[in-house]
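What follows is a single chain, given as structure tokens, in the form predicted on its own.
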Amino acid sequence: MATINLSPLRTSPSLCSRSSRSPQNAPKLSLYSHPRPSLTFPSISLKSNSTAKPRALTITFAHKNLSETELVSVPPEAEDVAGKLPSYAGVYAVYDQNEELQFIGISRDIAASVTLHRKSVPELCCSVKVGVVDDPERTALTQAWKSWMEEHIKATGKVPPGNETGNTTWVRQPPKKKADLRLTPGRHVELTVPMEELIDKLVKESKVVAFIKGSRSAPLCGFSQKVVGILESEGVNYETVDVLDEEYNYGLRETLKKYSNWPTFPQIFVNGELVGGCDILTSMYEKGELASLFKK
């Protein structure tokens, strides 16, 4: 399988361990074409040194072959990873304790991604190879990833375990959104229980209920979206009911206004009691009062 040519990437100076010129005129390695905070990594030489031998290379450019890139051990403590690996965009390959390749990924912050792997699968994330990509755009990152993947497949005849279809060890899947509740089987079905009793039963049997405009996965107003965001950030188990759903919650809006004596939406109930709307919930959230409320 042919290796993808990454020539469209902006050309960066090559790394040199020696130079025939004097130290004053020695070329410096420029990782980026625009100013960025300078970070010093213990094992990278940014300019030639006539007295000291260059140490092992930690950072390489993504157009380097996977086989030519230095394997670097990952610190056992996750918080130490950022001090050893770059917080730049690029491609990285993760190896287990037997130096078997487990996963090849791309990231806009390599150190942060490796830190997450170290926390979630420490037994599989023991060392890495890193290639910094000068152009952080998705296309350049994908090209670098393809180049390393193709090289590994050509050498071994197989895809790294973590990159196999269906593998979720290395890539976090977004959690499935909980379904919104419907209070009736449909607007054309005659209710045997009044809507007010359905509301009363729901709020008293559920820990937290949010009556919002739209669904939790697609709120239809800014206030409802903010309420969902706050409840998600608190990690609380909550129910949502769409007050705009005229098919399955027909008549809910007017009945709920009378039930709660609150004229606007969203409305949030906790332990059967009305807390209020978006403003009150936001204020409690900013004051750090929600955690104790949800624990009651």
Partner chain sequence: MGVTKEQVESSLKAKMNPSHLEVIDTSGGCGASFAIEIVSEQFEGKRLLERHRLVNAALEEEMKEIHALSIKKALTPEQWKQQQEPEKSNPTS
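All figures in this text were calculated on a predicted structure; none of them were measured in a lab. Residue numbers count along the first chain shown, from 1.
Another form exists, predicted together with its partner chain; not displayed. Remarks below refer to it.
Going by heavy atom distances of 4.5 angstroms or less, which of 233, 237, 65, 264 would be at the interface with its partner chain in the predicted complex? It is 264 that has a heavy atom within 4.5 Å of the partner.
Contact assignment for its partner chain in the predicted complex, among 170, 88, 223, 95, heavy atom within 4.5 Å: Only one option qualifies, and that one is 223.
Since only the chain is shown here, I'm wondering whether residue 255 would be in contact with its partner chain in the predicted complex (any heavy atom pair within 4.5 Å). Residue 255 lies outside the contact set for its partner chain.
Along 276-296, which positions have a non-hydrogen atom within 4.5 Å of its partner chain in the predicted complex? The stretch touches the partner through 276, 279, 280, 283.
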